[in-house]
Each structure stands twice: as structure tokens, then as C-alpha cells.
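Given as C-alpha cells, the chain that follows is alone and in the form predicted alone.
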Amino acid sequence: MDGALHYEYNVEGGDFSRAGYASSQIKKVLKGMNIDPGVIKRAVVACYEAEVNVVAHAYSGAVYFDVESNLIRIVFKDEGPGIEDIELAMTEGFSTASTAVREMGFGAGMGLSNMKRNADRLNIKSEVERGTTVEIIINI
């Protein structure tokens, strides 16, 4: 693979009609690069989970997607309430999603653990009342 590719997408909090847009665009880019389908699936699952978390919990956010010679890096930066206890939030089934979000079929508490399961490296930094940054690294 020659050089690096860089894409950016905006994600609006509460806009469930567009949840998954960035993930779908990333899938198209990776398919066009003939990346291994298993790697694409892992990237898209992790990306979708992060994207839905921004929509469900934050006011707004941005996705930074980079493909380098040996890895895929997807970074989500949001402005929102942040995560008070990252270790607790990583527990499967733990959720702070509102009732309305759960009634739409989201907020089952699997997002962060699914990201971790599909990423080769997952880094999460959060500041309460400021926002969260999630970095997903997948080796190619």
C-alpha cells in the first residue's frame, strides 16, 4: 500500500437516522483497497459501535479514519458527558443509555466490549462533562 489515506466524518448526537454513515463509508474505502474481508468486518463492527455511542451519548463528534501501510486507525472524538468509570463501562451489559435509546434497540451495553473484541488495540480517554476520545487500531 502506498502512502496513507485520511478521511474525516462528522457525527451528530441524537441523529439515529445517520448512525452508521461513517462506518458504511469506511467499509467502502476498505473494500476498494482490497483489504482482507475479515479485517474489514472487524474495522466496521468496532467503528459502528463507536459511532452509535457518539449518537446515543454525545452532543456531537468527529471520526478520523486513517489507513497506513500496516494498520487502520479510527479515532472518535466527541463532546459530551464523558465516561465516569471506563473500567465499569467496559463491562458487558453495563449501559447508561436512556430509556428512549434502549426502546430504539440501542444501548445494550455491548459497545465498548465489542470495540475491544474487534480491535487489536483500543485506547479510551474521557473527561467528565467534556467528552471522550476512542482510538481503534486494527492491524492489516
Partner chain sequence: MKVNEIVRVLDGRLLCGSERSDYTIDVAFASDLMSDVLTLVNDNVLLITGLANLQTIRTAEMSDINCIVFARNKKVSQEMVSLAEESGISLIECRYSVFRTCGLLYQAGVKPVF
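All values reported here derive from a predicted model rather than from experimental measurement. Numbering follows the first chain given and starts at 1.
Below, we refer to the form predicted together with the partner chain, which is not included among the displayed structures.
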Could you tell me which of 56-64, 41-49, 70-78, 83-91 sits within 4.5 Å of the partner chain in the predicted complex, going by non-hydrogen atoms?
41-49
With the partner left out here, check for me: in the predicted complex, does some heavy atom of V11 sit within 4.5 Å of the partner chain?
no
Even though the partner isn't displayed, in the predicted complex is K125 close enough to the partner chain, meaning a heavy atom within 4.5 Å?
no
State yes or no: in the predicted complex, is some non-hydrogen atom of T96 no more than 4.5 angstroms from a non-hydrogen atom of the partner chain?
no
Is G32 close enough to touch the partner chain in the predicted complex, meaning at least one heavy atom pair within 4.5 Å?
no
Between 10-24 and the partner chain in the predicted complex, list the residues on our side with a heavy atom within 4.5 Å.
F16, S17, A19, G20, Y21, S23, S24
